[in-house]
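Presented below, as structure tokens, is a lone chain in the form predicted alone.
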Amino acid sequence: MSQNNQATTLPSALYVVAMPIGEWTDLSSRAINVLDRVNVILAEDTRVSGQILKFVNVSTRMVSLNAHSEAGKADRVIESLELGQSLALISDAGTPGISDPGRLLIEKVVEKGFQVIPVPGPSALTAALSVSGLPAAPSHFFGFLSTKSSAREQELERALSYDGTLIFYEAPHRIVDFAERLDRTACGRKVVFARELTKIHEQLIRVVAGQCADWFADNSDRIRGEFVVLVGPGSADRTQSSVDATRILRVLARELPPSKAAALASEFTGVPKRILYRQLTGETEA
């Protein structure tokens, strides 16, 4: 990586800079100053970041560094730091390393003894939590669940065993699946879907698990955009009921038709019959 000839470049370090998650004017003045003065900007997607940097009149050279190239380019970043250069790490939106590329690079830079300096700012995680009305402490961030069905089920089940507020990221093409899983396994717990934060179509949806999938089913446009999903704490009795319902349902379904099995499991546990029926059949009972 070549040396930027600016006389006002910053001290050699890796600067981890938070970028806007939608509204470009959320980029802080300190972030702009750092991006303008480093030798090189490591960007998840130079085309996306280039638009924002042009908006704030920053012309520092960019180099692509994404999830696929992060490990391979780490040694070149180390070489640049050894030459006394300063580099900024940015993602397409939000804070690098938070469900975005950066963790592996930062780990290697730290191992080599170089400074890593945070330049904090926008984060979908903290933005959603701050307006959720759910407890911030304790809270647990799980990022994106696996894309594989069996793994998603196991990861969500483990997450629901934690006390406090649970926070997830989810993509639009998987949000309905996630909503249905919450209806089955977290019934009765408060849920907030934070959609397209700081963007034109920003929306906060506050529902109770058991009603999540229905909200999306009412309007297909609601699945558009990136989501932060927050699940409020559940009482010990309610959490146990959700777990018991699944176990009871499986036993009853061995001997009874789905409708009857769902009705009896609902009577035993308090979980709505329609949710249990859908869990067995994947359909909505008529």
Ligand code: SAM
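What you are looking at is a predicted structure, and each value in this text was computed from that prediction instead of being measured. For every residue, the number given is its place in the sequence shown, counted from 1.
Not on display, but discussed next: the form predicted together with this ligand.
Among residues of the shown chain, Thr165 is not one whose heavy atoms approach this ligand to within 4.5 Å in the model of the complex.
In the model of the complex, this ligand sits within 4.5 Å of a heavy atom of Ser99. Residue contact with this ligand in the model of the complex: Arg174 places no heavy atom within 4.5 Å of it. Taking non-hydrogen atoms only, Leu125 approaches this ligand to within 4.5 angstroms in the model of the complex. Partner proximity in the model of the complex, defined as non-hydrogen atoms within 4.5 angstroms of this ligand, places exactly one of 204 to 212, 130 to 138, 189 to 197, 74 to 82 at the interface: 189 to 197.
Checked against this ligand in the model of the complex, the residues Asp26, Asp45, Asp36, Glu226 give one hit for a heavy atom within 4.5 Å, which is Glu226. In the model of the complex, this ligand lies within 4.5 angstroms of a heavy atom of only one residue of 136 to 160, namely Phe144.
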